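Take a look at this one chain, the form predicted on its own, written out in structure tokens.
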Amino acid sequence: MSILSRCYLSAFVIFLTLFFSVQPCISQDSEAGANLFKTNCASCHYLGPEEKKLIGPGLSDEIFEEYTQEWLYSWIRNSSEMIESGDKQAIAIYEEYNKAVMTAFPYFSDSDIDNILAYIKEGPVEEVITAVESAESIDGSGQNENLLYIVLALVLFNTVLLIYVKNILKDAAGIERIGFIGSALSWLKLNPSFIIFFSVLVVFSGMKGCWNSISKIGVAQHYQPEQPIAFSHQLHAGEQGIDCNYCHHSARESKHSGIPSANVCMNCHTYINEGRSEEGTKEINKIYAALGFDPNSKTYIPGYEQKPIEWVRIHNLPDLAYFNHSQHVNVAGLDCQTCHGPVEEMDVAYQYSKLTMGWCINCHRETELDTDNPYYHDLHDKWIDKYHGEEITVDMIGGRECAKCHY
């Protein structure tokens, strides 16, 4: 081999060595990585410098300087195995973070881990939160009712003004004034059509008011009760990016989304003992008081009689209505915000939507069916043949049948 060929070969080897040691081969699908990170990692790790600790260290592009790609694969899939094998870096992390064992993710593929690393490499992105219009402003019933009352008031005002002007004209012409009440009665006798119109207006206004009052019975929109612990969804789901399904994991598997047990809280607050303010620390201490946990020794008090945290339920459908969370989350693929509104912006949670039958049916009328979903097996082919390729919505496959929700 010539000297020139050897030089080219050496340069190529050096390039490969530098590329793979300094710059890991990472997939650029950071959006998929963001979803995986928020679902699996955000409950224990901030996206930021290592000093920004949660349960584990903050994660930034600094990890690529400290650890190789192969090491990160092994650590993410099974950190306990690495600690038991005597890996010095794994043991160092284990000792530094109070011997807290990181959750194993053996089901993560190489591409999944690459996507997460790509998201970490990009670092935190400043998100502009757009204010969401409240359901109250979207609902036009209140505006229609106000318009009716305005029309009624204008009619009365114009009638009084007309009688007043006529009396002034009589005074100017030297005609004896009968009096306001007398003039009004006289004018009404001469204008029976107005009496009919006004009576109809009053009757319909009363009926509209009664209908609106009846329609609000059982509707708890904007219900915002005080909770035993001031839990902020804005802090946890918004700023920290914890996935809703981490706490409400049963939403994927059962009818109810479930109220998280205190053990779920302790997954993080075993190590996070202080809030951002004195008030925040007091709220965390309420969890410890319920469970009998000593934050100093990080142990549970023996023989302590634990007390339930009496959370106040916000969303409560009547017994006559059946709703299955898992069907809407897994099959329909709905985001939590579809029904619960911008929860990640709520410091104090409240009922965002009406959750009335009409509200549900309108959603079924407007939501297009994902015919590629394997849940429907071979039914989608029949639907496509039946509707000749037109847009298939939920109501077209039985989404308006009474027995679907009432049985």
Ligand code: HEC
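Keep in mind it's a predicted model, so treat the numbers as computed, not measured. In this text, residue numbers run from 1 along the sequence as written. If you superpose the two forms and keep the largest set of C-alpha atoms that fall within 1.5 Å, you have the rigid core.
Keep in mind that the form predicted in complex with this ligand is missing from the display, and what follows is about it.
- Task: Identify which of I175, L162, V331, M207 has a heavy atom within 4.5 Å of this ligand in the predicted bound form; exactly one of them does.
- Result: The residue from I175, L162, V331, M207 that makes the contact is V331.
- Residues in which of 89-97, 292-300, 154-162, 197-205 have heavy atoms within 4.5 Å of this ligand in the predicted bound form? Among the listed stretches, the partner-contacting one is 89-97.
- Is there a heavy atom of E66 lying 4.5 Å or less from a heavy atom of this ligand in the predicted bound form? Yes, E66 sits close enough to this ligand in the predicted bound form that at least one of its heavy atoms falls within 4.5 Å.
- Item | Exercise: C265 in contact with this ligand in the predicted bound form, heavy atom 4.5 Å | Yes, C265 sits close enough to this ligand in the predicted bound form that at least one of its heavy atoms falls within 4.5 Å.
- Message: How about S74 - does it come within 4.5 Å of this ligand in the predicted bound form, if we only consider non-hydrogen atoms?
- Response: Flag for S74 set to no.
- Just to confirm, L47 within 4.5 Å of this ligand in the predicted bound form by heavy atoms? L47: no contact with this ligand in the predicted bound form.
- Item | Partner contacts in the predicted bound form for 222-250 (non-hydrogen atom within 4.5 angstroms of this ligand) | Heavy-atom contacts within 4.5 Å come from Q227, I229, A230, F231, H233, L235, H236, A237, Q240, I242, D243, C244, N245, Y246, C247, H248.
- Message: Once the core is aligned, does P106 move its Cα by at least 2 Å between this form and the one not shown?
- Response: Moves: yes, 2 Å or greater.
- Message: My question is whether A90 is one of the residues whose C-alpha shifts by 2 Å or more between this form and the one not shown, given a fit on the rigid core.
- Response: Yes, because once the rigid core is superposed, the C-alpha of A90 moves 2 Å or more between this form and the one not shown.
- Query: Relative to the superposed rigid core, does the CA atom of W71 travel 2 Å or more between this form and the one not shown?
  - Reply: Shift of 2 Å or more: yes.
- Compare the CA separation of F37 and A230 in the predicted bound form with the one in the displayed structure, and answer closer or farther (the difference is at least 3 Å). Closer together, by at least 3 Å.
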